[in-house]
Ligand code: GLC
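For reference, the chain that follows is the form predicted on its own, supplied as structure tokens.
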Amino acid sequence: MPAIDASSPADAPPLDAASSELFELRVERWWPDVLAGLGEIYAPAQVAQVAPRLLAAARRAFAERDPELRRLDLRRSLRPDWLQSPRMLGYAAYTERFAGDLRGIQDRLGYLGDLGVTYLHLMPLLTPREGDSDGGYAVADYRSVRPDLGDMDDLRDLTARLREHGVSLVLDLVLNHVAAEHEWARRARAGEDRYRAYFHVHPDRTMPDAYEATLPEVFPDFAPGNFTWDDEMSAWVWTTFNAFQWDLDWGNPDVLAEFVDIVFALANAGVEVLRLDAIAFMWKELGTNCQGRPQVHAITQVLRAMARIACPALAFKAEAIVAPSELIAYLGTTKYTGKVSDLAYHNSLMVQIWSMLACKDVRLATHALQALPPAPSTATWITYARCHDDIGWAVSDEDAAAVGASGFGHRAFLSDWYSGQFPGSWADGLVFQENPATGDRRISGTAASLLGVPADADAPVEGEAELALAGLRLAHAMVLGWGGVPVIWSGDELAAPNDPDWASEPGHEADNRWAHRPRLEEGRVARRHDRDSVPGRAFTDLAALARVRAALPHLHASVPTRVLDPDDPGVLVTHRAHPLGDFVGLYNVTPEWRSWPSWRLEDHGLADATDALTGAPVRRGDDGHVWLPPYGAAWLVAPER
């Protein structure tokens, strides 16, 4: 095991005695996690070679860290549960579609404040390749910003302003691959062996064919297969996502050292959360699907521990859209508990919300969500109704069979329903990446379009429009009432419809996910407080939910949410056992009045419960039961004593 040498590298600014002691104490605390993670992925000689480089990089980054960010480090250390606070509300957007550029984001701070946003995820803004860049996920330079959005100084200015407003900036860090135009790839093509070793390169089809036997295709329509021939390399290069995205070989410790430096650079620019993109795909192992291998978690442990040494205000979020049974590993289980990502996407909740709304039935969702193992108390779910991506119907055959349904049939029904092909459907979604071999059909569309909300912002808020907006409020209530960090996808707060011109923008014509990435319309923004308008009703409903949530300690994310067996198949029931008393969430997923039995209130000590969403005593019918209006939600808590 390499000895710890926490002395300052020659090129690092000097530290005063107090700072040097603080750094050494952090090394003492976190260096064992670094070495343990390295030992899981590299041979002893490789560990001995890379460990001193990592420690020197951490000392340098710590010494260069702005005093204001060091103060943030201290604040986060004193409040390690900051991400779990009910005050956390996320918003995700493409910078250019939300505000034009990074400076424009500062002009939107009042808008975000109206919603109560404390966590802002700006979609990929590091310099991508020119042309098709997979929405920015083909990064050509991790140390610069897209020129049309600004520069690194603009990024630092923005993070400083966001901190003044209590908002944490979230950026994407693509780990699995780089653009074929990245310097590492260019130097590999130029014949530099050091950089050729950064990638998975094969001289013939022998190994690619062996891997392909167990590999799925991510984009079968426009990027079939997982390897691409490169004439300059005279070799096959691993390209999981697109021919222009070269997979990195994380078995090479030089790749890890490069990314530790990148993490430090972004943290020192003021980024507070890094979304670890395509994390599941990082480690390749013959005979597997090359997703979610144990080494992925060891790598994350190293990255997180290094951040705890140099910049502990930084948190990590795992972008792992995997099978529900595999998802919990990204928040830490067994020896990785508390040592990997701080956040992970609750993809299962998102899928089940849309399934319940289409079926008007909660039984499948109840079974699937009950089957998920509990997350570590120190980790936090990202909950969401929509994101920048399509919706893939992650409903397992086993879960469907448990409630008497066919997994294949249910997934087909959901695709038919949300593409508007099923009789009686209100939805206006688009089929994305249909796979004839498997029957897989994912769906694109804004939340409003999938729920049948009128596209016209001037439509009267009555009848079917009012019912559809109630459905939107219900979806957001389930997301905000789960615990964790709820994230709203840009435009959904205004009930924005699909962009009808999504295909007219160069580079977007083959990817209908751009339909649900519309630019923020100033007309809708201006009407956000007008409850007689479609955008105003959606915005004020969401803002009201956020205000209640922020003041409700029962929704602290350290408390797990359990889904209870339903008494009515149209009502989802969630329960949180908080030290202040029980919280029960009731969600009517049907367009009819539905009830919850009154005796259940007594079971949870809620006989005189208040509905936190209204501030009034719980509403009971003549039969004593709790009655919910169409698409109604209630957050039941005991009154304060």
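The structure presented is a predicted model; accordingly, all values stated were derived computationally and were not measured. In case it trips you up, residue 1 is the first one in the sequence shown, and so on.
Form predicted in complex with the ligand: not shown, discussed below.
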- Task: Would you check, heavy atoms only and a 4.5 Å threshold, whether residue 171 touches the ligand in the predicted bound form?
- Result: no
- Message: Residue-level contact is defined here as any heavy atom of the residue lying within 4.5 Å of the ligand in the predicted bound form; does residue 284 satisfy this criterion?
- Response: no
- Message: Although the partner isn't part of this model, could you tell me whether residue 513 comes within 4.5 Å of the ligand in the predicted bound form, counting any heavy atom of the residue?
- Response: yes
- So in the predicted bound form, does any heavy atom of residue 319 sit within 4.5 Å of the ligand? yes
- Note on the structure: Assert contact residue (the ligand, in the predicted bound form, non-hydrogen atom within 4.5 Å, options 241, 98, 82, 250) equals 241
- Task: Let me know the one among 359, 278, 395, 260 whose heavy atoms come within 4.5 Å of the ligand in the predicted bound form, would you?
- Result: 278
- Message: Just to confirm the contact call: exactly one of 401 to 409, 132 to 140, 421 to 429, 539 to 547 touches the ligand in the predicted bound form at a 4.5 Å heavy atom cutoff, so which is it?
- Response: 132 to 140
- Message: With the ligand taken in the predicted bound form, which residues across 380 to 396 come within 4.5 angstroms through any non-hydrogen atom?
- Response: 388, 389
